[in-house]
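The chain that follows stands alone, in the form predicted on its own, written as structure tokens.
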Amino acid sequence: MEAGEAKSKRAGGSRLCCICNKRRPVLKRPKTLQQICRECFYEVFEEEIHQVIVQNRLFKSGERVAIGASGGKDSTVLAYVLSELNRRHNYGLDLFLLSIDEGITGYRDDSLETVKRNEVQYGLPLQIVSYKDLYGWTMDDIVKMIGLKNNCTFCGVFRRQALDRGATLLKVDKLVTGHNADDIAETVLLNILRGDIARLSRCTSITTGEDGPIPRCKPFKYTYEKEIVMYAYFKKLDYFSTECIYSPNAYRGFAREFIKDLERLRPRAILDIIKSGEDFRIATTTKMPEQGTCERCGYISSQKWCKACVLLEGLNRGLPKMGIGRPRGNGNGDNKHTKAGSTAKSIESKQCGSLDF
């Protein structure tokens, strides 16, 4: 009888949270494989993000900070957690939500409704900036012209600039995004596959754009996507879960699947890839692009014209594939390359419509 009771206690004890040793676990952390209860999960999740913020000195008291809000799980959890930590630890930040309306019917219009609800739920002012207002084009218009193959190139370039312009409208000191550990590991692999040394050297930085007008921070740099999903689920946060209708064939998707396969075999693979990216050293003989400003719109650019202006001019001239891909040197007798070079030169001499803000 006593032996049976002892065996029962041991069996029960093995099912207790490995942190508090009081409550039954409800999940196994993907990052550490710890079996923990819901309350301890909330605590360690939020504390890890707080430590990342403090150790990397992401913010200063009194700063105005815009949260890039798409309505998805990452940005919704970021807005919720940053609001909570700001109150709990007295960061002294003025927080805002900044959303970009790319003009994707049946996707972005629905997700923006989620962001508007978040505005009320978290008590954070919301600013929405649209591609239509900035560029005169929506992504629906662009896809009609170019198709589904390269549409993510347009959206990525336009979105980065739109976030900066929206942040300028809000007069914020910093912009935070919900990029998580999975996203950063994917970016490291993509930059290696593309041979993009310039981006590889900065893609793992927790803060980027410090030499520009508005630095960007990634408080979720070491936070696994699965844990963000579980946090949103257990907290019953209001977020939009549908994937973009134009992104099924995005190149990043292949890197994402590879990362997921690695994670199944070895959960720490994601953090190891990030660490590898941090430890890369670029040879001193490597020629890096020099950052300047676009002659047309004044946005930061390493070329005479920024990528957004080149793409926008191509759209306005009915040549949407202009500016996609990398310029290549002209080979002897290579008429295609010569023609491409002369066309690119003619683009830079044209007006592309004002992007001044």
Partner chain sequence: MACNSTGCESGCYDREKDNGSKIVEDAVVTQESVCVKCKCNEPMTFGDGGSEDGRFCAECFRNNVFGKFRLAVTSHAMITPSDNVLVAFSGGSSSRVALQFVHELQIKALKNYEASRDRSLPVFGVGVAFVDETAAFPALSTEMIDAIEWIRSTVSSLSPPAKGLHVVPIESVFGSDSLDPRDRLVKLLDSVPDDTGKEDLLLHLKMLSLQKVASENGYNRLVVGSCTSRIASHVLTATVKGRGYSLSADIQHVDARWKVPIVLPLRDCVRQEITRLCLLDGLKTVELACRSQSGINDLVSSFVALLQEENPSRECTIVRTAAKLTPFYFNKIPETDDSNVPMATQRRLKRFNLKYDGSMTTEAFCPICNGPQNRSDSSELDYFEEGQESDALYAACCSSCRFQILPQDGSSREQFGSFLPDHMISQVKHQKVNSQAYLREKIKDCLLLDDEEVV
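Residue numbers count along the first chain shown, from 1. Computed from a predicted model, the values in this text were never measured in an experiment.
Not on display, but discussed next: the form predicted in complex with the partner chain.
- Annotated contact segment (heavy atom within 4.5 Å of the partner chain in the predicted bound form): 194-202, selected among 194-202, 151-159, 107-115, 79-87.
- Phe254 belongs to the set of residues with a heavy atom inside 4.5 Å of the partner chain in the predicted bound form.
- By the criterion of a heavy atom within 4.5 Å, Ile273 is counted among the residues contacting the partner chain in the predicted bound form.
- Among heavy atoms of Val120, none comes within 4.5 Å of the partner chain in the predicted bound form.
- Of the heavy atoms in Leu169, none are within 4.5 Å of the partner chain in the predicted bound form.
- Contact with the partner chain in the predicted bound form, defined as a heavy atom within 4.5 Å, holds for exactly one of Ile128, Ile245, Val229, Ala269, namely Ala269.
- Residues Val188, Leu189, Asn191 are the ones in 162-191 with at least one heavy atom within 4.5 Å of the partner chain in the predicted bound form, listed in sequence order.
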